[in-house]
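Quick heads-up: it's one chain on its own, the form predicted on its own, in structure tokens.
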């Protein structure tokens, strides 16, 4: 697979983003949804900020307080034996096993704009910020689907109730209408198809079963984008392959003559994240036609290998111009990059089932 990584990579880094609060630091600007509006490329950046701790023995956790509509900053001592601090991203109560009790950062969505798709100007204020009881730990990994003149933006909403997928919409990237949670916990990596198929909307989603099953990709139907049903299992993990740990949707499905092309992420059991592809039937997206045997993009560049959480390429949006697929993707849970691939080469690389 021929991959052209932009010379400007990474396009956006935490250093480029002004913290929303003076007592916070930006540790990530990544996993952005991608749209075009008024001849501009718009990144819907996931910005992760954490409160600055002046004491190396104290870890802080930001929590959105629904009653006060402000952030509450909790402090934890590293010598507190009730908690596990081994993962810098989370604070876990030991009695809860691996389940986290708090996040050490808060994510929200901020806009970045570009006229050339390479050089971005980042807005100073948040575009979508936690605002209700299902977003108290933050909002993450947005995707955006344009249908007509409306942009539907959906993201992982994180709270003590779990991680689910919420939906908002906008026509101008100024005014936003909140539509509530469309997939309840635990679910994420939702992708809404950009048009109706035989009178129905379709979406991919990734539930996480706790008893049996694995984190795999499902497909669902809707008449109104709000209520989803007729859920069907789509593709699963593959033993001994690059996507044997977990998989989830990446970019909004691309309509081609051969079928709907979905560029999805797959992680190995060692948490190495790559991008692959699956081809779905044009008239029935629940039918798989072909799938990648090997990744179409994998972490190889320094900025993809090294970072807050290394060995990760994770796309939430692409632009297609003729045969050119411009894949915007998060690198190492830290920054944003872009690479160009051939649409025909991706299709030719797939193995038909």
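What you are looking at is a predicted structure, and each value in this text was computed from that prediction instead of being measured. Residue numbers count along the first chain shown, from 1.
The form predicted together with a small molecule exists for this protein as well; it is not shown, and the discussion that follows is about that form.
Colleague: Tell me, yes or no, whether residue 238 is in contact with the small molecule in the predicted bound form, where a contact means a heavy atom of each within 4.5 Å.
Modeller: Residue-level check for residue 238: no, no contact with the small molecule.
Colleague: Residue-level contact is defined here as any heavy atom of the residue lying within 4.5 Å of the small molecule in the predicted bound form; does residue 140 satisfy this criterion?
Modeller: Taking the distances in the predicted bound form, the answer for residue 140 is yes, it comes within 4.5 Å of the small molecule.
Colleague: At 4.5 Å between heavy atoms, is residue 110 in contact with the small molecule in the predicted bound form?
Modeller: Heavy-atom contact with the small molecule at 4.5 Å: absent for residue 110.
Colleague: State yes or no: in the predicted bound form, is some non-hydrogen atom of residue 205 no more than 4.5 angstroms from a non-hydrogen atom of the small molecule?
Modeller: Contact check for residue 205: no, nothing within 4.5 Å of the small molecule in the predicted bound form.
Colleague: By the heavy atom within 4.5 Å rule, which residue out of 89, 231, 255, 118 makes contact with the small molecule in the predicted bound form?
Modeller: For this set of options, the contacting one is 89.
Colleague: What is the one choice in 200, 122, 163, 73 with a heavy atom within 4.5 Å of the small molecule in the predicted bound form?
Modeller: Checked against the cut-off, the match is 163.
Colleague: Choose from 173-181, 223-231, 155-163, 209-217 the stretch whose residues reach within 4.5 Å of the small molecule in the predicted bound form, heavy atoms counted.
Modeller: Selected stretch: 155-163.
Colleague: Kindly indicate whether 100, 103 and 188 are, all three, within 4.5 angstroms of the small molecule in the predicted bound form, using heavy atoms.
Modeller: All three within 4.5 Å in the predicted bound form.
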